[in-house]
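Next up is one chain by itself, shown in structure tokens, the form predicted alone.
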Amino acid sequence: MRLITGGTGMVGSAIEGDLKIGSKDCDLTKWTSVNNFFEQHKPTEVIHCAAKVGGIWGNMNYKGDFFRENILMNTHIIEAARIHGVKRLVAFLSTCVFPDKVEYPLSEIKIHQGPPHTSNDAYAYAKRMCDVQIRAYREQYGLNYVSVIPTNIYGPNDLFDLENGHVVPSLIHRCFLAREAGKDLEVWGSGTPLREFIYSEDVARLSEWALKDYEEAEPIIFSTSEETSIKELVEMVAELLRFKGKLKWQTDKPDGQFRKPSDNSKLKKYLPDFKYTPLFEGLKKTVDWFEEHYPEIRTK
């Protein structure tokens, strides 16, 4: 019995699982709910995708919520898995866990080598503790649980929150609304920061591989290791949405970290022939899905 937490979300919906749950099915921040759920359904494998996530605005303005909810979810899922005899578990971290000031590229051994960026430090520390908990449980209880670190994931069935969402879904939604209203598109920052993006279905395939075959205590990065500027990203989304207005860069707004390139050499050693979905192709699939399902998209 494979349980996927966050199973109704972007990544979880793309992963094969016997039981997929969202926030309406079980409140992962409450121990009693989680423990009872595991007692009732008795999963033997878990891929833990569930998290409270958001973009730079959400991370900066709701630090307490991001820390509390994520650390509770992670703690409860891993402890319930231990108590109820789950044999294999994969937990999702985030590139936010890496230090702000660190030698690039980011690699798995650098997670705890300094404080994370102040814009998302609360979320990052909660995610770091997931790595700490898994390592501790491996040492004390001999559990074969692992963690993975995907870069910026995007794809169909994302959370298209206009204010608190990640850059790709928020951008798609805002660009769509600007197009429909015949207005210009205002974009936070200068457009110069660089990010790595990975398509949700690629992450799903990698997660299923990790559940079956990855056994190291150290996390493994899921990344294409290809950087794209926010400006390039915005222009691609605008093209795909057939947006004809102007792009107005709000340079008085924060950019966040300038770049955080990752080293995917460990993953390449395991899967040298893995084929990633090109960014423009993945964005097209995402935009097409968005337009097909609007306005029944998830925004909260």
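Residues carry their position along the shown sequence, with the first being 1. Since the structure is predicted, the reported quantities are computational estimates derived from the model, not experimental observations.
Below, we refer to the form predicted together with a small molecule, which is not included among the displayed structures.
Contact annotation for Asn152: at least one heavy atom lies within 4.5 Å of the small molecule in the model of the complex.
Under a 4.5 angstroms non-hydrogen atom cutoff, the small molecule in the model of the complex lacks Pro105 among its neighbouring residues. Although the partner is absent from this view, Pro219 stays clear of the small molecule in the model of the complex, with no non-hydrogen atom inside 4.5 angstroms. In the model of the complex, Ser223 stays away from the small molecule, with no heavy atom inside 4.5 Å. Taking the partner from elsewhere, no residue among His76, Ala80 and Gln133 has a non-hydrogen atom within 4.5 angstroms of the small molecule in the model of the complex.
Comment: 182 to 190 is the region of 182 to 190, 107 to 115, 137 to 145, 210 to 218 lying near the small molecule in the model of the complex, near meaning a non-hydrogen atom within 4.5 Å. Among Ala122, Met129, Ile230, Val86, the residue placing a heavy atom within 4.5 Å of the small molecule in the model of the complex is Ile230. Proximity to the small molecule in the model of the complex, taken as a non-hydrogen atom within 4.5 angstroms, holds for one residue of Asp255, Glu39, Glu235, Asp65, which is Asp255.
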